[in-house]
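Just the one chain here, laid out as structure tokens, in the form predicted on its own.
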């Protein structure tokens, strides 16, 4: 069993419990266990674009420092990697880690701001998204061999959003032709439905002040997937998941939305295929209930004959 220092971030403890609990469950089944850091703080997401952003980099550097200390308590052989699930946390931590590795003077100033009982960060950590661990460390072959219930009948459109593929310092895959979600979906026995809007912005934080923008963006994303035959989408970002899931319900309630498509976190699909108890998915937190589709396809309870 390989262990990884896992940084959950804020949303995984509130609005995305199904994301976290399924990730931890499947990580154990795949012998690549995510072990939560005993002490962590918000990463400060999203990464600031201001030129003088010294104070905004203290929080992510503190996370990196605490993760390094956590690794010393894990099993021998654990690599110096902090693993994230949230694409926003992944982006913030990766960009800041890159910046402080390039600027030792700034890192020295940031280390001075850390608490007295915290170790100075020595820029020797790497930030990895769990999708990278699956692709590069576990491998799709092992994932496929671990499947006990192939996701036959699910036609999944992978949606990457903005932050998994941008900017270069944070990207986990090719910006124009990513494949990590596609190979994962195929390994689980589902069908991949490609959509040209795989990185089309969901509207992001406009949900707070300009909901109509999110309506428009989500409508385009879902319709593009539907027209190509998808019956569900898969994501890796809590904000994308909320916008696409919640806004479909709003649009349907306003009588100007078509039949919605369920939205899954990639770890929820893994959990279904690897035989993790259904309750771990927290589908009751979804605005578009995926259980009717799963039941129709025989993916919950007894399989249809």
Partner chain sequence: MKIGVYVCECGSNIAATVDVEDIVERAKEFPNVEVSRVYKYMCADPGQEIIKKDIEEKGLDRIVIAACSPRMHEPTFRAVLEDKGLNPYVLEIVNIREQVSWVHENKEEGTEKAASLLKGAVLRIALMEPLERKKVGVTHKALVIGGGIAGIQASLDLADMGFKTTLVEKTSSIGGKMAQMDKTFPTLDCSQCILSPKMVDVGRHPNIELLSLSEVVEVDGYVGNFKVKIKKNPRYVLEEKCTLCDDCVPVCPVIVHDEYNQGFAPRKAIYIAYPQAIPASYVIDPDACLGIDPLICSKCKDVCGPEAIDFDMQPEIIEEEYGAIIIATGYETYPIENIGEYGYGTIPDVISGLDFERIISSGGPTGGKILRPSDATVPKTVVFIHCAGSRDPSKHLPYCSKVCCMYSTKHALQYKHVVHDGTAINFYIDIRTAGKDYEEFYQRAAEEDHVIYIRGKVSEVFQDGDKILIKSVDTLTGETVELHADLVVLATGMVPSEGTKEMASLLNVSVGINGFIREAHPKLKPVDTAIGGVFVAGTVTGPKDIPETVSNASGAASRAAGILSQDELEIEGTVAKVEESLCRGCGMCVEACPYSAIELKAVNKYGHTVQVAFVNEALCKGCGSCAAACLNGAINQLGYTDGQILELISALGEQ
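Numbering follows the first chain given and starts at 1. What you are looking at is a predicted structure, and each value in this text was computed from that prediction instead of being measured.
Just so you know, the form predicted in complex with its partner chain exists too; it's not on screen, but the next bit is about it.
This chain is displayed without its partner chain, yet in the model of the complex the stretch 193 to 201 from 84 to 92, 193 to 201, 207 to 215, 145 to 153 comes within 4.5 Å of it by heavy atoms. When its partner chain is considered in the model of the complex, residue 174 lines it closely, a heavy atom lying within 4.5 Å.
At a distance threshold of 4.5 angstroms between non-hydrogen atoms, residue 228 is in contact with its partner chain in the model of the complex. Its partner chain in the model of the complex is approached by residue 220, whose closest heavy atom lies within 4.5 angstroms of it.
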